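Here's a solo chain for you in structure tokens, the form predicted on its own.
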Amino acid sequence: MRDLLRKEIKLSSSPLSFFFILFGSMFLLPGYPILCGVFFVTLGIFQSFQTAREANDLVFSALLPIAKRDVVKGKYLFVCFIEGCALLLMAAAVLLRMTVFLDSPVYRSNALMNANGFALGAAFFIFGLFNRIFVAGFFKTAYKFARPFLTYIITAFLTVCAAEALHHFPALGALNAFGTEQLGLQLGLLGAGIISYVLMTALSCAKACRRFERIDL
């Protein structure tokens, strides 16, 4: 698997996938829907799928002395690698806003979502949606990606809008907690986001493997 990941990084990926990791730092922006940073990271990954398709990368990979399902696993490893790098950047931004910038007026007066455990859990969830909808959807044909990506865009932005709106309901105000306020709730929501990410990624990978094995390249 390590060799497959190296192959994806060195041969199949687009430089934009690595550049767009930096959009994880959007979690530091006040007055901006920070979860849009998650979408931009996935947009960078999409560019790698587009580049690989145009270069017939899947045909090349299938000709290697590996199982067809390992081709899919290699793609998933690359996707998770990029997402993991972005999540580390987002986590660093969340920690800064929960500690160093805790009392900064520019964040305290922000009407939009605060960077906390709930926001980071939502980022995990959206990345899981990308893996489930787009990556698995791409391997339905191993060629067409417009429809699954459009479906993902709609689903992702509906999720962003819902996450941004929830804390405005009085009963759900704790979702926008600052610092260590409501820490148990924040960690619980982060854990739920991580679990959803792992489940959606694992199940979609298994489904994509089955789909790709049935395709005659």
Partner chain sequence: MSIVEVQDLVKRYPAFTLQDVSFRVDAGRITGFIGRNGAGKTTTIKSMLNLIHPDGGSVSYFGKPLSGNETEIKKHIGYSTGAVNWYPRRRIRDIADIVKRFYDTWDDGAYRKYLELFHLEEDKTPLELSEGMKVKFNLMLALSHRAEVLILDEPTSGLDPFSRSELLDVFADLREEGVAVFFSTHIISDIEKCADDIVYISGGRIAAAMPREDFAARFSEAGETLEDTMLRLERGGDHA
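Note that the structure is a prediction, hence the values are computed from the model and not measured. Positions refer to the first chain, counted from 1.
Here the subject shifts to the form predicted together with the partner chain, a form of this protein not shown in this document.
Participant: Heavy atoms within 4.5 Å of the partner chain in the predicted bound form: which of the stretches 147 to 155, 56 to 64, 26 to 34, 172 to 180 has them?
Facilitator: Going through the listed ranges, the match is 56 to 64.
Participant: I'd like to check something about Ser12: if you look in the predicted bound form, is any of its heavy atoms closer than or equal to 4.5 Å to a heavy atom of the partner chain?
Facilitator: Because a heavy atom of Ser12 falls inside 4.5 Å of the partner chain in the predicted bound form, the answer is yes.
Participant: Quick check on His168: any heavy atom within 4.5 Å of the partner chain in the predicted bound form?
Facilitator: So His168 does not count as contacting the partner chain.
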